[in-house]
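Only one chain comes next, encoded as structure tokens, the form predicted on its own.
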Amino acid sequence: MALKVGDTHEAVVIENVNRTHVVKYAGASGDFNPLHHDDTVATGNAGYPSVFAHGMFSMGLTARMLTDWLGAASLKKYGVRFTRQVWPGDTLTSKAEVVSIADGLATIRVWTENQKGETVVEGEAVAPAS
């Protein structure tokens, strides 16, 4: 696929995040921080309204949108920052826009929004333009 500046793509990457998703991710990643699975710690000790998903969970879902669009071997660089927590019940939509092309590589702005339109992840990817 040949990319050009202005190309966009988006996909719903998960509907209705639930605690099972979060616990399965904890098992796969080895990250058992109680903020992600223990309501007593998340609400009582830390003051959050509930447990929340790992940042890397939402980063991985965002990456899946990119690899589904561009191909698994296409990404040359990928990085994000986490801007909001992902809560049980959230539905996430990942979006991408090609912002520049130089030396045969496309720089792609990526972000993921919850069902309220709030950005939970934002960053950049680089992939071959053709």
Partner chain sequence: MADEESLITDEMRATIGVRSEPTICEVDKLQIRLFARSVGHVDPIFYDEAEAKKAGYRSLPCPPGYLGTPVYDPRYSDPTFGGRRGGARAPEPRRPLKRILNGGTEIEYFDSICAGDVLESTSYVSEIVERKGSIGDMLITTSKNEYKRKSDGKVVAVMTGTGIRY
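Bear in mind the structure is a predicted one, so any value in this text is a computation, not a measurement. Numbering follows the first chain given and starts at 1.
Although not depicted, the form predicted in complex with its partner chain is the subject of the following passage.
- Only one of the listed residues (91, 100, 33, 50) places a non-hydrogen atom within 4.5 angstroms of its partner chain in the predicted complex, and that residue is 33.
- At a distance threshold of 4.5 angstroms between non-hydrogen atoms, residue 45 is in contact with its partner chain in the predicted complex.
- Contact annotation for residue 56: at least one heavy atom lies within 4.5 Å of its partner chain in the predicted complex.
- In the predicted complex, its partner chain sits beyond 4.5 Å of every heavy atom of residue 95.
- Mapping the unseen interface onto this chain, residue 104 falls outside it, with no heavy atom inside 4.5 Å of its partner chain in the predicted complex.
- Although its partner chain is not shown here, in the predicted complex the stretch 77-99 places heavy atoms of 77, 78, 79, 80, 81, 82, 85 within 4.5 Å of it, in sequence order.
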